[in-house]
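Next up: a single chain in structure tokens, the form predicted on its own.
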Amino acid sequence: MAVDEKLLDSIRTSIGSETTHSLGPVTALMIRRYARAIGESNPLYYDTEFARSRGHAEIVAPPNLVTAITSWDEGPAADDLRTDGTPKTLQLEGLPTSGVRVMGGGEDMEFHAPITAGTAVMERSTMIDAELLQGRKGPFIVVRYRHEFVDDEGVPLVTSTRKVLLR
């Protein structure tokens, strides 16, 4: 599929569409594993008593945990990965991107409240923009999404704006 104005027009029909899904509760084990995986040693992520002495009900998740686990699944088999570790068939749900290379293009995050163990998290995602740009190797499309992570009472936790590149 060519990355061109026709594909851009097709993608833009989804601007403003919103999806919501539950990430479920963020568990203490999940927080500890994630903190260990990213090399964090802050006791806020491991020690309940330390977290309570700092005013939290439980241990606290590293700030970017929810954006990392939003699509946490078993992932593709090794044979289905490119040499750079990205899936060969990565698609954007609901968009006509078959045959187009899909890549992450960066993310900005705003943190509203700490996420502690036991917090149930919901994610609301909205496509906010898409534009066709010219690069050194040809045209590419930048699709921007806003992801709002809230607790089960609707309290904002994290807002991120993620760019996805289509080449």
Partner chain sequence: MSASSTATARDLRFGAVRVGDRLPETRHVPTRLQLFRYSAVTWNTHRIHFDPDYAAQEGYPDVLVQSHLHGAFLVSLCTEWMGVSGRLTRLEVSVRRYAVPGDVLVCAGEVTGVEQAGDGQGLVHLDVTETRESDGTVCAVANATVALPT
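Numbering follows the first chain given and starts at 1. Keep in mind that what you see is a predicted model, and the values were worked out from it rather than measured.
Another form exists, predicted together with its partner chain; not displayed. Remarks below refer to it.
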query: Heavy atom of each of R36, P43 and E107 within 4.5 Å of its partner chain in the model of the complex; finding: yes
query: A68 within 4.5 Å of its partner chain in the model of the complex, heavy atoms; finding: yes
query: Proximity of M30 to its partner chain in the model of the complex, heavy atoms at 4.5 Å; finding: yes
query: Contact flag, N64 vs its partner chain in the model of the complex, heavy atom cut 4.5 Å; finding: yes
query: Contact flag, I128 vs its partner chain in the model of the complex, heavy atom cut 4.5 Å; finding: no
query: Selected contact from L133, A113, A57, A120, since only one has a non-hydrogen atom within 4.5 angstroms of its partner chain in the model of the complex; finding: A113
query: Relative Cα spacing, S14 and R82, in the model of the complex - shift of 3 Å or more; finding: closer
